[in-house]
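Each of the two blocks below gives one form of the same protein chain as structure tokens; they are labelled structure 1 and structure 2.
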Structure 1
């Protein structure tokens, strides 16, 4: 082991491994009168695996995370391409505006969407002014509103990673494809898109991991009607004061996320090997 890696290993052990072990140990305890009791049994895990409600929320969280990842990736590719090629003169200004929006507090942005999507909000007021029926859009406090908030807050991650990957592509390769008779669309699909896959995969993984832990959007924009795993864990720790249950659900979410990332990695590796063989 190199000495230069020691600080990284210490940080990983102090802020990841040790808390993870403590969380695992906590899941084998119990509670009594809202107080932690060191019982060392499997009662919490029995409850977790026997309650369908918990797994329904976990499944909903996984599906929402996958949909959010897909939407962010699909939206980020044309936006990043447009910033680098169609709007190259203003790309720095657009990036700066995106950074300002990204650094704005998520609570403010989320409540801004609530004001925009409310039945008497900006969107419905504008539609009513141009002749549509009152409250034409009734999406607030539904899973669709939750998805809108998730995509809006996480989209910059994919845009930045995809844009960085596209910026490193040699422009002569695209010009060569155009000189060979490829249309602009075909050059994008067969040259730009394959070479941008590292950034696409990186952005997708980043958004997927972050979307597994969202709790603000389901609570504020979704109205709490369809809670996700992070909100369930928060309630277990804070509202119900059941730390062992919260710890067990945290470990379940970590395992689900790790399994999904393993599938992501396997697919990416398979594609890389297929391209290498071709």
Structure 2
């Protein structure tokens, strides 16, 4: 152990590990008259597991997260490939433009989407001007709008990870496949995609885990009509002041995310070993 790792270890220990342990402990307590009581029982957990309401929201969160992961991953592949192999001269500028959009305040961007998709927003106004009926796109304040927002905010993660792993691929391998008579598509599917797999999976897992905790998009773009788990957690802390419940729900999400990461890590390790053994 080096001395220079100490400040970081101290910080992560004090404000990341201890809070996690605290959350776990808190989920075994109770509340009475909006105050925390140290009871040490499983009441909150039996509540969490027995109430259908929580499970519908958890299930919805999981489904939304999976759809969002699939969309972000599938969309990122042609975008990353195109950036590297068609617009390579501009790829620096394109990356900068994407980084700027990515780093801009998410609340403002989400609000921008509301103004764009609104019944009297830019999209509907423009469509009306070219002859469509008034308010023909009615997507705002539906789960579809939430999905647009989630993909919007998380797509950069997959684009960057996929592009990073595609940039490392030796171009000669693709050329060799082409020389051997493979069509462009076949060379892409059988050479480029397998080699880019680590980046594709890493991006997918990252997006899946991050999409478990979205709360801005369902609230602002989804109109709060079909809340996701993060909204449930926020409510149990703020509106209902039931900290043990909030802690337990937070843990459920953390466990789902950690399970996804562990499976990914194990598979990645196994693959790396297999490559090393070959």
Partner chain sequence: MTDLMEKRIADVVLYGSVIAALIFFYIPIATLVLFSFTKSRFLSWPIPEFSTRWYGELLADRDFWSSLGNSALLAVLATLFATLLGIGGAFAWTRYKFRFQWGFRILTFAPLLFPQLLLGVVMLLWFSVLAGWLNLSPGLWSAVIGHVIYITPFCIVIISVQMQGYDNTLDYAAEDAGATRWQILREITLPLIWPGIFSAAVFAFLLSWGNFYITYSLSGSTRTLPTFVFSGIAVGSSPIYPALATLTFMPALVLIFAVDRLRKRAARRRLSKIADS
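The term rigid core refers to the most C-alpha atoms you can superpose between the two forms while keeping them within 1.5 Å. Residue numbers count along the first chain shown, from 1. Keep in mind it's a predicted model, so treat the numbers as computed, not measured.
Between structures 1 and 2, only structure 1 derives from the form predicted alone. When the core is overlaid, the C-alpha of residue 257 ends up 2.6 Å from its other position between structures 1 and 2. Once the core is aligned between structures 1 and 2, the alpha carbon position of residue 12 differs by 5.5 Å; this is the C-alpha shift at that site.
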